[in-house]
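First comes one chain, alone, set out as structure tokens in the form predicted on its own.
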Amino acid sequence: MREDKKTIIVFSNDMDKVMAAFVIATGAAAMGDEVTMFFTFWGLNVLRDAKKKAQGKSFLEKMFGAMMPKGVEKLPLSKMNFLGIGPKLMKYMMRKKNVMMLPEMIKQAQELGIKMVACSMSMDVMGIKKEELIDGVEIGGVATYLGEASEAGVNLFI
């Protein structure tokens, strides 16, 4: 086990929870720790690039994709979402308080060398293709995560 290694499972696509995951991840990386973020199930929506489309999806995969938020700008809040007004208010307050926005946090995470892994099994189940994801994301299964987690001193589930 290494005290300077951290892993975070990002299961949620709630904007506030995802922000917490990136604040912790970038904070640890800025302190010199090695960080791996493993995105699974709803957390995969964080990695979907709103500008990218995948070819060859089945009808059900297209329907599933249409029902989920595509990219960080579409993420709901876990509380007080109010049909999408809540996230807009949160973003307004973040800009007003000079808090880094989620797209900037993701860019910073990449610049700090944080490894972002998309769960291959969840991608299959949810019909998400690699070409839909933001650049720099690795694809891996549970063995990838468990290998990283077995070496880490801190493992979080968000």
Partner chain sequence: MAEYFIDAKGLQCPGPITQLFKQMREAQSGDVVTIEVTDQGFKRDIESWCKKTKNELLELKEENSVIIAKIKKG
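Positions refer to the first chain, counted from 1. Everything numeric here is computed off the predicted structure, so don't read it as measured data.
We do not show the form predicted in complex with the partner chain, though everything after this point is about it.
Using a 4.5 angstroms limit between non-hydrogen atoms, M63 is distant from the partner chain in the predicted bound form.
The partner chain is not drawn, but in the predicted bound form it has no heavy atom within 4.5 Å of M121. The closest non-hydrogen atom of A50 lies beyond 4.5 Å of the partner chain in the predicted bound form.
When contacts are judged by a 4.5 Å heavy atom cut-off, G32 counts as touching the partner chain in the predicted bound form. Stretch 105-113 is the answer when you ask which of 105-113, 39-47, 52-60, 126-134 has residues with heavy atoms within 4.5 Å of the partner chain in the predicted bound form.
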